[in-house]
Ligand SMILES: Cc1ncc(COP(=O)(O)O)c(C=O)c1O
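Coming up is one lone chain in structure tokens, specifically the form predicted alone.
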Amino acid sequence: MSRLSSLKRMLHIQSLPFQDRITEASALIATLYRGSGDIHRREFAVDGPCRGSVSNADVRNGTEQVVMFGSNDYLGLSQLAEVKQAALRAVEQFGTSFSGSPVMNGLNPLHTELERKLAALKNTQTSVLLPSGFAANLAWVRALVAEHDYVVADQYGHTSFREAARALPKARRRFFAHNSIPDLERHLSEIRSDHAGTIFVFVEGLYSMHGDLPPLPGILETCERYGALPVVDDAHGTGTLGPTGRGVFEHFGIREVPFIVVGTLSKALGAVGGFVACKKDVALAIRANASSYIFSASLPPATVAAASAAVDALANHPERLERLRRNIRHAANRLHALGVPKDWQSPIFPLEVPANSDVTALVTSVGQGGFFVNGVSFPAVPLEDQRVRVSISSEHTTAQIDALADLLERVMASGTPELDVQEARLA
């Protein structure tokens, strides 16, 4: 079976007549996921909180409890008593929804207070709350980027950015090789040779599928030399990077955000929502022009209050970040035999699997051994780029990390069956 990329396959399906698209896509998913048709979670149903403690593990594989190593709740703040209590108080005071968009009747002092805290966290003048991190990337692209502008993004930039940028002419969307400053400079030089307008450069602070960081100081210096505006999506870096968890800028000792930093509330902050942290004039442009802000209902009281309390908890509970760092170091040492560098700095551990491997079968084996991990499989990524993703939390114990590492070494050493994709149906 050839290693056709998922993009090529999906583009082929999208070129078919409507009913054929439905038939072919359904056949592909059914084949990949053994007829279950459930791309989101084939084997495990999460019926409790996503936390790392064995004694409190409420994630079940059938009737067996398993330990969660697949959650983005890196500091366990979604289960912190003061965060949950803040959510409950907000519901008692305001109910379950503000029932309106922020430009109509949905703006509340809870929102403005959280925006103030997020701006302080990112050291910007202000911030704008959005319904999700996805909506945050839609917001700044649609509000600030015109069709005569260029956007240059890391090839592993998040899908939310790609979806937003699709509204631009194809010729004005460019992607540079992952974390390659020379390739970024090549694109900027080519554009600047005949274009004096605005160029936006998009990178992530911590790449969710690869677990690595950008060479941010070099990227910012390159942007400055070519007059480009850098946008950093720090969704996974917020709460996990930097001495106090402020994110990738703090990690590299960079105090000033040159343009925009995007973030989410749904990772280390243990809630749901997104934000754009920036200068006041940029924020006003987003509020005035971003459809994902204007035409979306405001975040509900419980969510805003929980996120606000979680931001406070970053400062009030430094021991959680210290535990996370300790667990990351320990996991890096234990997973080194599976290809993880010992100096790994991120809570995301991507473990490569052989091309054409049945990642679902591998994840099932790990689940049967008592652990929940994420399988990143075709067609979400190309066959040659499939992986198992392990997410480390401050709430994991050393014994849990050791047990998972032992199991992963055994399972991955035993090999996995090849994926049986009916390629003839897609030829």
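Numbers follow the displayed sequence, beginning with 1. All values derive from a computational prediction rather than experimental measurement.
A second form of this protein, the form predicted in complex with this ligand, is not displayed here; the remarks below concern that form.
**Student:** Verify the contact flag for residue 236: yes if a non-hydrogen atom of it lies within 4.5 Å of a non-hydrogen atom of this ligand in the predicted complex, no if not.
**Tutor:** Output for residue 236 is yes: heavy atoms within 4.5 Å of this ligand.
**Student:** Answer for residue 267 alone: is it within 4.5 Å of this ligand in the predicted complex, judged on heavy atom distances?
**Tutor:** Yes.
**Student:** Should residue 320 be classed as touching this ligand in the predicted complex when contacts are defined as heavy atoms within 4.5 Å?
**Tutor:** No, residue 320 stays farther than 4.5 Å from this ligand in the predicted complex.
**Student:** Is residue 132 a contact residue for this ligand in the predicted complex, using a 4.5 Å heavy atom cut-off?
**Tutor:** Heavy-atom contact with this ligand at 4.5 Å: present for residue 132.
**Student:** Heavy atoms, 4.5 Å, this ligand in the predicted complex: which of 350-358, 158-166, 104-112, 247-255 makes the cut? Say which one.
**Tutor:** In short, 158-166.
**Student:** This ligand isn't shown here, but in the predicted complex which of 208, 303, 327, 222 has a heavy atom within 4.5 Å of it?
**Tutor:** None of the other options qualify; the answer is 208.
**Student:** Give me the residue from 127, 240, 298, 137 that has a heavy atom within 4.5 Å of this ligand in the predicted complex.
**Tutor:** When this ligand is considered in the predicted complex, the option within 4.5 Å is 137.
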